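The data below hold one chain only, encoded as structure tokens and taken in the form predicted alone.
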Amino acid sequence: MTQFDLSIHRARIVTEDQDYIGDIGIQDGKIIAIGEQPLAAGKKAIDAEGYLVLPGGIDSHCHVEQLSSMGVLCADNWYSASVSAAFGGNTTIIPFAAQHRGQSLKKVAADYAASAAKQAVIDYSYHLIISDATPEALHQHLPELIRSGITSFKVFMTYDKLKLNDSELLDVFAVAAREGALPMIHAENNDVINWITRHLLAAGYTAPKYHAVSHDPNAEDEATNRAIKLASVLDVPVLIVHVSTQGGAQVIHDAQVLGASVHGETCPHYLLLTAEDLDLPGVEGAKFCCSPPPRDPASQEALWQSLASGSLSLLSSDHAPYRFDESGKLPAGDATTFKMVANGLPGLEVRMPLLFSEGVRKGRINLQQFVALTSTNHARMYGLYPQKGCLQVGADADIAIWDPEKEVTIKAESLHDAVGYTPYEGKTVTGWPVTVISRGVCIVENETLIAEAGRGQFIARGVPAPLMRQRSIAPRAAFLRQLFSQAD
């Protein structure tokens, strides 16, 4: 009889659709036995009685070792980010290889992959960011990268140095339709934001709190609707990332009701923070500046309801780690205006504990929904399932063992990223991962990392689930897709 490398016993095993007491047997990095019947002890055996055993988290939207369009480098490299992710119960991350204007998309991807291979302690893939939709990028490099397993990319409708116009968006959507990739969209109306910003600055309103004013909710709602309509021209499935408004969530829901293949993601800061958090003395409010910004209690409630109903199917951190100094969020020190602030909040390590504490323990979502929102839906959305995101025979043994009663007061000094602050400083959460297993190896145990840089593996991704589930293409969209291919 096979002796397991690792066995887990008397666990409360929770997946997206199951919740039962059982054992798990692991061999060569894979789950080879699982069920309610007791299993023989492995070479290493874990008694998980009283704990939750869940699929390892997948954070599919985080920024790691990335240069912003403003020229600011993230505080976290692949090592510090992957370590922080692991301590938060994650076993896979998918950040971004960001192309800036004038850069070769292929070279950007190759350089990013090389850096990840040397540093990551957990498994990873990455998305592309496309800001320069040149013929070479669209017709050579992007198809090659998609076929190599990078089956998703992000495009922006805002930020002057990143945004694509509507025609360029249609071009990249057409490539996605032909090659089988999922576009991710940062949906905000750039002209609205710039118009408000210009008038705020002219009137002397420069404090961080005016960042939230400049990113008016209507800018997000309009762009969300426009992005969905543009994708519908070609019947292309799309994902709207970091949804923050009640209106944006409603636009996505309404499109889904009408049959559009549109999907939505939100983040902990939109569930737990509001625009009021930016209203602090001096430049302290810059710690809470991100795009889109936190909104209001009505939007928070709408987002919680959307997560519970499934119209928003992903909870990601959008970890954007900039230090609170002149190398990061405050390029002009105390004279930094809201327009200068590096946008983004850290949150990679606390994503899952925050959702568990505020969602599961407060009855807003159940445990199965927690698993789906933090792991399984990500694996399906981005072509990782069933290798990742599940507990079943044949899957990678990526597992997080949770103590549902463990209380932790979040402090920057206790986290493992390189940022130096957290917007959740002093917040107490209940429920925290205590053991994290990556491909059958305990990499976090007894609050200690047991993993070396470079042990993480790149995961080439398959066809994203939204493309696999897509209904038949409307004749008009099929004709337009053909026109694009002929022009190519």
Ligand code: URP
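From a predicted model like this one, the values you see are computed outputs, not experimental measurements. A residue's number is simply how far along the shown sequence it sits, counting from 1.
One more form of this protein, predicted together with this ligand, exists but is not displayed; see below.
For this ligand in the predicted bound form, the listed stretch (44-52, 457-465, 61-69, 417-425) containing residues with heavy atoms inside 4.5 Å is 61-69.
For the options D396, D318, E349, D123, the one in contact with this ligand in the predicted bound form, meaning a heavy atom within 4.5 Å, is D318. Residue G344 is the only one of P294, G383, P95, G344 with a heavy atom lying within 4.5 Å of this ligand in the predicted bound form. Of the heavy atoms in F338, none are within 4.5 Å of this ligand in the predicted bound form. Although the partner is absent from this view, H378 stays clear of this ligand in the predicted bound form, with no non-hydrogen atom inside 4.5 angstroms.
Taking non-hydrogen atoms only, H242 approaches this ligand to within 4.5 angstroms in the predicted bound form. At the 4.5 Å threshold, heavy atoms of L373 stay clear of this ligand in the predicted bound form, well away from it. For the partner-free chain shown, K154, F156, Y159 of 145-177 come within 4.5 angstroms of this ligand in the predicted bound form, judged by any non-hydrogen atom.
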